[in-house]
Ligand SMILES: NC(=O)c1ccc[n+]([C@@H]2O[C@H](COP(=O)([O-])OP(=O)(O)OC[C@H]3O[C@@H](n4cnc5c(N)ncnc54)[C@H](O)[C@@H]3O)[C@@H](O)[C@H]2O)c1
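As a starting point, one isolated chain is supplied in structure tokens, in the form predicted on its own.
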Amino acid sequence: MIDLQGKNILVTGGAGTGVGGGVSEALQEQGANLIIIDIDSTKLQRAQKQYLNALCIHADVSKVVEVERMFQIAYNEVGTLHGLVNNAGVGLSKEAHEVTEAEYDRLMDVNLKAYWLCAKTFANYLIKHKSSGNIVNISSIHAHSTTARYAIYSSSKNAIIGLTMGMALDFGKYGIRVNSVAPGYVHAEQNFDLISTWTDDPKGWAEEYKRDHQVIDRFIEPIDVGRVVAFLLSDYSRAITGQQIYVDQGTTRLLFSRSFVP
């Protein structure tokens, strides 16, 4: 069993029911002390009840002042931080030529700039105190291949790969590992609103995706992603850095859909 007992792990966007919730659930399962960051106060209130002894902080991770404040609160409350999970993100399903500058800026601010801000602040603290640590960035299957209406979103997720690789090289000499986890379609009821932007039958679309576009005919659950994150934060992965792991039931290894070549 992965042992994260005594490890203080900060998770951005960790109060939701999707990947962030799965990460928080898995880390608590492995004994970590959670510092959960979210911009949604209602979700934070629920998370406070769900995750025992978690420190929940309201913050917008795309703003440097908020990032500095939340880290200061965390250090004051728990002392040393051992791990950072950059998970906060926003989606966008819109053809590239129709995306507004405001939509582009907001998506890049949350999906990319915030990752750099949080990682930078965390790394500077570790370097100052001569401590080792781990960073896990949540990317997406869209960093490998994408679909129509996702040009801007997939751009942000591809950029996370470059950021992960580069930071792994910059931070390695300080004993800081940096890796990325790229989920495929992670099943959650909240996805249906987004899926509805391209189909009138979101539930049917999800079932078809599971059956025809994955090697294994089973939905990926948020905790499946969370347990890979837990592994990367643990000593079991001490020789892994600068890598991206796809948690996608084999989707990225399919050249065609399963029904195309029966």
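Just count from 1 along the sequence shown to find any residue number. The structure presented is a predicted model; accordingly, all values stated were derived computationally and were not measured.
Beyond the structure shown, there is the form predicted in complex with the ligand, which is absent from this document and is the topic of what follows.
Contact check for E221: every heavy atom lies farther than 4.5 Å from the ligand in the model of the complex. Taking the partner from the other structure, the ligand in the model of the complex has no heavy atom within 4.5 Å of any heavy atom of Q243. At the 4.5 Å threshold, heavy atoms of N76 stay clear of the ligand in the model of the complex, well away from it. Mapping the unseen interface onto this chain, R106 counts among the residues with a heavy atom inside 4.5 Å of the ligand in the model of the complex.
From the list 189-197, 232-240, 25-33, 208-216, the contact stretch for the ligand in the model of the complex under a 4.5 Å heavy atom rule is 189-197. V110 is the sole member of L117, L81, A168, V110 with a non-hydrogen atom within 4.5 Å of the ligand in the model of the complex. Annotation for 78-97: interface residues with the ligand in the model of the complex are N87, A88, G89, V90 [heavy atom within 4.5 Å].
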